[in-house]
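Heads up, what comes next is one protein chain in two forms, each shown on its own as structure tokens, labelled structure 1 and structure 2.
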Structure 1
């Protein structure tokens, strides 16, 4: 299928099927917007009953049009949509926007209609935006297309925005207009029957007009594909996303630790983190950040200069800068003395530089220049508090021009003076980002730095270990039945052995004599655990005894377990005993490493410390498989208790390289064998020496 969306964004001729002469209808307003915004191509209204719409000759149907049509915008009643698609095919139109609603979003009948629509689109090898959407905008002057029915006039700029919600898209167009935000391309994808966020991402990856990508999503069309595509973008262009519906129905009930800890939002978090998407929670934050990426350079470092004419806003900026990981360093002596020359004696000439309310446009301009020239400063927030009886636009202009000359990252803040922003924007072409709130500016610079770190970080590779894949395949082939079930411990043991993962040495015995023999072979002290296909939660049924020191104790322990099972009426489920060495927990840390399969995103790997760290603090992190070495490192370093792995209170740290290796092996295992739906390696004990690290227990659930 053709993944080129050029004809949607750069059409030379558009047919509006369902163009209307009736004011207030979508078919009237959309056409009006195209004309008002100055669309540079040709428009062909299609309306069987009208001679002209908005003074443009109208056609009865698409086939009446002689010119070649790049894009059809369909806004007829829903029963006419499919016949119009057939007409498009005859007219050789390959790009279609269906504005019309009444499809999947309205229930069963609509679902069927949408499926029919999509089938036609695929049959004709067309591409479809919508249905149930608001249209497309491309502000590029050579195109000048506002192909939506929303009121307003978006400014040109470098931001691409794709919205799953029409209403939110409309709100965004308003915010853009009010806040000096320059948009390049805007798409409301509606039900995303065909063109999805992924299609757009792929298209924008190589589109030079779009410098920053923003998106509002309620669901992922294909998370695995999203990860792949977006990862290839974020090292070159920032991608900023809102993912709503965090709290909708969670994953299906899971019985493993890993499964139970994954929530509805886990996939989105992992996806964004691994692909370098900057996640925000509000439209305001998204466009504040996008505006900065569009209009300012990435900061060279984290040292922030602050210029102000009032103390309060500067103090709030310092607080936010600290929270955002920025420094507010001392200025050089040279800077201080230069500032001293131009300011009133009461002014504060160190960082934050406070010029006091009497500062004129000229002083502000010079101070901006001096501050940004300081070698201790990488970026600046230039605050203009509400000045008294002065021309704010003029002062703003001096600040902007000085900031532009310096070439460093700068944000100009017109404190609570929303009405000044569009005036100043109009006065100074190519101005730095203009904000109305200094804290937001500091936050934005912090986010830009984080993005830069991501951009500069190594890409990471999926490392493949030399393991015995066939051994695992052989185990799974033994099963003839279908369904979901747990593997037996001996099978789990074999699988982990096959992947060279350090499962604790284990013997299985079916009677006391065998048990005693095995225990002596392993050497006391040992642990015994009841063994049986249906006995999964062994501790809960009194099926585990630790630190058994000799034959007598072993005998007593096995009898006690059997007695407990008998009382529970499940003695017949016991197929024997697992015997393992009792590992002393000296300089070691108990962790949990697991995997759970999400129906859409594939396997999520989880890592965290065991015990209270997982149970009380829920201090675990997830990543989507297959993990790269960079992902594995970040999985380990992302938990709050990471310091414990490095060693605290005099303890030497555990072997973190080996944790990384173990994570990557588990990732390889679930990638090789996607039928494993839940895996817990718990506890997985790590020590300073790789050869002492052990998985003490493991559970595998498969779906065959």
Structure 2
């Protein structure tokens, strides 16, 4: 395993700088945890005032230590951290964990101190975890490292967990044994001055000791890098994440619909969805799912078998299975016959199979084997309610051993018996996942099946179209000014034509005579819209009149618009009128296609139900550019109105292939020209025939 993070997780010798003789201090507890967990390497406490810590010889500084040191854990006061880093450099220590707090999380002074710390790390070509973190764990027996200061005993398993929150990490390490959570490696990254979630993800991608990756994040270090790294991981092993700091507020003071609809959580949702991350909302869900991936195979299909000794839990499981996309099929006659041979007459031998509370360990074990052997069953939830007069651990052992023989996906549920879970886990090595809730078990199997579908799905390709890129560049080169501003509509029209996107035929008029001439050239009926760089939402200011049938109506409409602008004291912002053919909607759907640039993630593309009520219905989805054809299909199918696009109540569906093409062209545009900060194509009317699809209004904002 060749990586600059290897010595963090597989160190042969650790120096604890700031080791303490005082019980209850971080320096005392961390060293104690290393000893209690059975760390296999050498430990060197560093404390200038102590001869020994935890009965281990102490050193006044790092340079007194004669042995080579792979990892230094620094727990001194913050003012001593930088001098210790200098000592690490002299000692040729390249891996450093700074537990000490008081850096950028505390304000301006801390920001400066952290910048100085990072500068030294880069100067000395070291790697740093922290500062303001909780430490590292590796449960592999050959290492046995609990390099944290919290109480609790990490339980071995295949889960990697990286947490931006020390408190959350501490809570997890305290509950893992009770809940049968098997941790392989754990990292608290704190302020992530150097080593971030991206660094850890990339390291764990090829680390065979980590079967499933879990993470708690409050922010992304580099969203684009996250997407690239994690997408390369999830095709091989699952990644499960909690992202905190959600909000429904717009991501910027946006004047476009797209910008207004993009919340601060939009980037996280798009990143997770495009990279194949399974997003959950609670720690309970994250580790329920993680331990299932760790201890069970992926289900072969969606057919679920249910075994129980009480009817109520089985009914709840059936309901959750349906919600999770699972079926509860009938069992074969052969299976039913075999179950009837071992059960009491009152038992139900259909799926769900109810053995009744009197079922013994032997009956439970045989029923488990029979159910999982059924050709109609891909996975099973095996529920054990607390029997009155029997040994629950023994019954659980029979269930586990029978499930392990089958090779199919199985989850064992011990209801109202949390204290039994660790006992059963210790008795049966390699046991299936143990839960205390049957609904959660069914939900987990559904999530595992969705992950399998993602894993087997094609990656998709970024399609490039033959467009007039030079034409767009020429338009942007006209501008000498700097800052954020909207392009004129005639420029927007040229850009959309350059990228072969179907903007409705448009004329610009600066007086009534030009308007009448343009309208006659286009042919009545027409639409007029007020024209002006600062007049963005035209409908909101009464700046649009539809279905104008002749010259007189045109004259009246323009005067009406000007009167309305005057009443709003914005008539001076009117630079003319846009004249377009009036497109009769007929068998069509108004959509919106847009883009907004996030400072870190890049461009987010939005598609959804459009028109004047787009911010009311909010039926939109976002993806991060550049989009593949698979991303574009997912974007279209992800909106609630997708069934309308396909056609309802006898109406023909719109041209969905052309929607996909249009999305990919907009993706290419913002990738080619990242200075576009906000784009709205709304309404973008789609019909069954590609030649009738039209963009009826558009606005482009740029930052130069």
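Remember, it's a predicted structure, so these values are computed and weren't measured experimentally. Numbering follows the first chain given and starts at 1. We call the rigid core the largest set of C-alpha positions that still match within 1.5 Å between the two forms.
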{"property": "Which of the two shown structures is the form predicted on its own", "result": "2"}
{"property": "Core-superposed C-alpha of residue 455 shifting 2 Å or more between structures 1 and 2", "result": "no"}
{"property": "Flag for residue 576, CA shift 2 Å or larger between structures 1 and 2 after aligning core", "result": "yes"}
{"property": "Rigid-core frame, C-alpha of residue 559, shift of 2 angstroms or more between structures 1 and 2", "result": "yes"}
{"property": "For residue 544, CA displacement between structures 1 and 2 after the core is overlaid, in Å", "result": "2.8"}
